[in-house]
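Okay, here we've got a single chain as structure tokens, the form predicted on its own, with questions on binding and movement later.
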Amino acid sequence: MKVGVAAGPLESVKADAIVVGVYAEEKRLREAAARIDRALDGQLSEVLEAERFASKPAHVTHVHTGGRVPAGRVVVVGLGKRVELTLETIRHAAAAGLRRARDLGAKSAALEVLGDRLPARSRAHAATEGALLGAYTFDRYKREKTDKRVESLTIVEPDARGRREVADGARTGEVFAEATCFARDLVNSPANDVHPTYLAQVAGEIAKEAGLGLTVFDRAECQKMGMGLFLGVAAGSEQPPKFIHLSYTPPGRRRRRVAVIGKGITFDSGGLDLKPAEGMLRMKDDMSGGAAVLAIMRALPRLAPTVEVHGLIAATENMPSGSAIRPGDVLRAMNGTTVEIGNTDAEGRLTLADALCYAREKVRADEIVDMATLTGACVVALGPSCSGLFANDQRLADRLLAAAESAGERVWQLPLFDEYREHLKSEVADFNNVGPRGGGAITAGLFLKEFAGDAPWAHLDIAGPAFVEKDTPTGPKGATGAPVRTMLCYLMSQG
């Protein structure tokens, strides 16, 4: 979708549909809505009154203009109470408004910078981001594709003096949304297409287009580095593993070096500890963390943060075969730590462990953040809409929580109780890769903590929000692109 910015009254914009926001519990229409109502000879207010439109957040209706303004239709979205307006309200309203415009057959739409009170740049970012996320569809594998698509979106600021600020916000909102949709596309695609070699090819395309550094290590090279945990998981699959390292170097003096690691299990059968059929059906989404890393790295050159960023993905399948690792096997990590395999379906933490070692030893990162669809226990604890955050450094955790709040993605910090480390004891190795059922998300975090060492490190367990089973305010069911926007907010705040 092409995004542009224009200054001037919304009612004068030529488009198939214009989208305007209306506050709840206000007797009179204000600003853009009032001007449109006058241009339509009161038709807008009449429709809202007839429908008893309460202007609740993201509620939507529309009117046909009959040629009285350049746009063919006016889409009205509720913003709730003025005093309760948030950026998330704006995202949801913009998403609902653009979806309605699309469903009405609009090819071009214009959207006012919804709301007031909040900074114009932030509102423009949220409105643009919400509109693009809300209009997302995935029909790559369907022969019959919908022809209802908004092809161009204009963000309208009535005051020409604020155009630059609005343009900046719209630009970053567009980048954030495009990155999120890029990750959604990867996760929604089936595992027979999105395998480790394909992820490496995508990384190559990103590096070429965005001017990033790229190294892709094959099985033999990973073996030389001692990545026994990663290669152990990969042993059961016919698909060759790929360890992907993308790097972004900022212009000028860098402030710090950050490693972002994404779990890259392109399909998780559970290995020899095979998942049941219903548990395996959605396991194409087990590379959501890796998809997020690719999306983040693709967006960085357009955002130009002042931190050096290294994106790492240990990409493989977890499959059962005669060569697959067995329960009770002992593997050796890149840093020499030995791990007994208590369950082959706890494979993600093994691949992440070697990636953490690589981030410490090869990248020498000042701080590390990993993202992974790691445990069902986290979904039990926090539900399907919230990521769990674990960290060995509270300052890093606080920065990530602030970024999530700004991005509108739910993240909740969970503890890393030292006494639970006892649950990872092994009789024959340094650690077991699983603990008891209770507190499973915490023991998984403690396992990863061992490989982060003394580097500031945080772990985002995105098992719940990475893939949803019903439509959300900002997208259809399926992949969500979490936590791309949180991480972009975080990296942009580190300058």
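These figures come from a predicted structure and were not determined experimentally. When you see a residue number, it is the position in the sequence shown, counting from 1.
Not on display, but discussed next: the form predicted in complex with a small molecule.
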Q. Would residue 343 show up as a contact with the small molecule in the predicted bound form if we use heavy atoms at 4.5 Å?
A. yes
Q) Given that the partner is absent here, does residue 349 sit within 4.5 Å of the small molecule in the predicted bound form, heavy atoms only? A) yes
**Q.** Proximity of residue 463 to the small molecule in the predicted bound form, heavy atoms at 4.5 Å
**A.** yes
Q) Would residue 377 show up as a contact with the small molecule in the predicted bound form if we use heavy atoms at 4.5 Å? A) yes
Q | Complete contact of 129, 174 and 491 with the small molecule in the predicted bound form (any heavy atom, 4.5 Å) | A | no
Q.
Only one of 254, 275, 421, 149 gets a heavy atom within 4.5 Å of the small molecule in the predicted bound form. Which one?
A. 275
(Q) Which residue, 317, 354, 286, 157, is the contact with the small molecule in the predicted bound form, using a 4.5 Å heavy atom cutoff? (A) 286
Q. Of these, 74 to 82, 369 to 377, 328 to 336, 192 to 200, which stretch puts a heavy atom within 4.5 angstroms of the small molecule in the predicted bound form?
A. 369 to 377
